[in-house]
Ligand code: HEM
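Here we start with a single chain on its own, the form predicted on its own, put down as structure tokens.
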């Protein structure tokens, strides 16, 4: 039997949803029937809206997903303006204040505390500069991820931005591909670093060369079935298909249609294409694609160029994340800025937009490490741009512990997350910077904190992986983290090994300190951390992780999601100001 979600989508989905959003916006939050909220919230995702967690009723997260994270001149400023006007909440965050935007691990931007009544005005403001929230969430084509400096990078084999744009233009609002069994994540990589992270996407185009009609052609090999969520991680599998840039859109449409027709619509936990690949195998998937969905003869895979992949490859001294000042192909520069845990304040956003427009082209790009890039900076403007005080915080040369820190939304807003994440990861990184020395030669070290098994912070591909759990300490429930080690991408990717379960959150910095000390003592001949982990079994690794209380203090330890907002002074669910009307006044429970 189809799931409830499938039945809701059969009734109303795709572009038809917008009229209903505008109707609810005009009539207000209270016009959404209580017994229909689950259905409408599921549908709203197609337009980039997620209802926030319990205790925050009537407030939404909004996601804006440009292809490959490219924000053209004026677009970043417009998002900052929207955040300024519409994304301030009823309470302040002690670390970030009240008003920010979040850069995600899929090159998108998320805004919080959005009210349904304001959504039509936000849509209009976005569309005025060529942006949209369409299919930023929901069971359809999400934003295309890829090389964040495509078209400007000296290390690319093929300009992936053209294909990313073509896929975006072809499949957004495309009725034939708007209702898939589950989300559909697509990556396009054109460089020799592998920063599109194709291995963990449903569909990946990766640079390759092949002899076609007597000529060497640069195009893409196709991989299918990657993903991280639900404790069921998979790397995308090579389906033995090479496409030219001109063929890629048609092949992408064929694979999307295959998933639409054959994916599981009866069990949402098994609805991603990785499970279809498990069931069929790569050979059958290729055969069905050829026989039922593609009219021309598919070429077999070409010579892949993965041997040069360096992005998140686990090298001890590898900095291949685009942070820093780098020369473009045209002689200008791009400057990658570290945005700790992806959160960027509104006032800082204005200053960055000013700097980008004054000293460069005004274009801003987003990376899968939750950072931003300013492009087209002439040589004689680099120093002037970086003299702006805002870049002391958003630095092109951050400490490795801050450069490598990623965190998901967490229990601040997310209904799935088990623990608080962003403020905690900031506090972790500061404590580590002040108290822990990295072993000699280690200049790149990734720590990813994900609040649950949905893996939005991509913990399985980090040096140290942290995953939200709960446990008891001194007889009291506390927030805890599973610890994994040795994940990463590169030519031969590997997932982290989970070696310690339910470590109380206040003991995690001590565990990382002891782990790095043990690594330094036992490593051989400049061995990278990833090589060190790969050479040991889980039992040996578990012995190296020694959780310990330290001077680190964790103010969220006892929260365990029993509050409406983890940082509110009056934090009981009965103290929540939600739900609220358009002007922010609470709606009485007996209203």
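Positions refer to the first chain, counted from 1. Predicted, not measured: the structure shown is a model, and the values here were computed from it.
FYI, the form predicted in complex with this ligand isn't displayed, but the following is about it.
Looking at residue 61, you'd find a heavy atom of it within 4.5 angstroms of this ligand in the predicted bound form. In the predicted bound form, this ligand stays beyond 4.5 Å of every heavy atom belonging to residue 152. None of the heavy atoms of residue 47 is located within 4.5 Å of this ligand in the predicted bound form. Although the partner is absent from this view, residue 248 stays clear of this ligand in the predicted bound form, with no non-hydrogen atom inside 4.5 angstroms. This chain is drawn without this ligand; in the predicted bound form, the residue among 458, 367, 256, 425 with a heavy atom within 4.5 Å of it is 458. A heavy atom within 4.5 Å of this ligand in the predicted bound form is found for exactly one of 338, 161, 133, 104: 104. The candidate stretches are 177 to 185, 389 to 397, 89 to 97, 486 to 494, and the one lying within 4.5 Å of this ligand in the predicted bound form by heavy atoms is 177 to 185.
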